[in-house]
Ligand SMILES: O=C(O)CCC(=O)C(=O)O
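Read the single chain below, which is given as structure tokens and is the form predicted on its own.
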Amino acid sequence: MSEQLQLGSVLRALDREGYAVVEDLLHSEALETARAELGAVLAKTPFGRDEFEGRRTKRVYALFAKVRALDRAATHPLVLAVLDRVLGHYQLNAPAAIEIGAGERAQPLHTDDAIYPLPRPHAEVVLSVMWPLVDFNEANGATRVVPGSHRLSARPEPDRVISVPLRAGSALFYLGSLWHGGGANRTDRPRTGVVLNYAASWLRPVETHLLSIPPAQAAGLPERLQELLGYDVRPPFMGYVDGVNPKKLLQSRANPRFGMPSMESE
């Protein structure tokens, strides 16, 4: 399927159901690299602190400060094309690797945009992409969704919930207004995936990326990823630093005042 047809298919499914699945977006080599890099980090990551995070679930925050294997997933052309159409101007919001451990209970149903005090219905302000690093199925905790619930003003009935099976390397797109949650893991192995959550750039992101990925580290990242992490302005000038685009601070020479590049040459 051509990229344009694929884009149209995703947008129609998002509008109709609130979610869309695209298979085989990450090839096997990229999956192996992501598993290896995240495996080392997850080995040192504690379990969650409450029922929402999951008492037997590990979550890797500050993701792009710790691994490089997901840079291309975050900036995948299809992902960006969908975001362009759904959110317009956007940034990474709350990206995390999630390892649902054996015996974990189902996560409470929720919407990702609930963090923002906006009355429903409203224009979409959040979109997430789940990248499974292993096959997801109902037994091991596949993401659960309520199809069409992005159009509801109240919590949906639990009998409308379905599990979304996914092959490793596929992508699950879902709107921030869709009711969803991680499934229960009834197997003896963990279920690992990465959720890249994006929000409209006029909103404060859930994670403060400018601290978790400071300028010295961000300067070495691909430019589009820098922008998605907040080193950019929302046109015309929201988010400037000392009157200039923060991206320019990463591109110029060192300035002790910022601990980052100087603007004196501009």
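Note that the structure is a prediction, hence the values are computed from the model and not measured. One rule holds for the numbers: they count along the sequence shown, beginning at 1.
Below, we turn to the form predicted together with this ligand, even though it does not appear here.
- Of the listed positions (Ala74, Val82, Leu175, Ile98), a single one reaches within 4.5 angstroms of this ligand by any non-hydrogen atom in the predicted bound form, namely Ile98.
- Though this ligand is absent from this view, in the predicted bound form it lies within 4.5 Å of a heavy atom of just one residue from Gln91, Ser149, Thr143, Asn185, which is Thr143.
- Contact between Met130 and this ligand in the predicted bound form is found at the 4.5 Å heavy atom cutoff.
- Taking non-hydrogen atoms only, Phe237 never approaches this ligand to within 4.5 angstroms in the predicted bound form.
- At a distance threshold of 4.5 angstroms between non-hydrogen atoms, His122 is out of contact with this ligand in the predicted bound form.
- Although the partner is absent here, Phe52 is a contact residue: one of its heavy atoms lies within 4.5 angstroms of this ligand in the predicted bound form.
- Stretch-level contact check against this ligand in the predicted bound form with heavy atoms at 4.5 Å: of 114-122, 74-82, 155-163, 176-184, the positive one is 176-184.
- Residues of 101-126 that come within 4.5 Å of this ligand in the predicted bound form, judged by any heavy atom, are Gln107, His110, Asp112 in sequence order.
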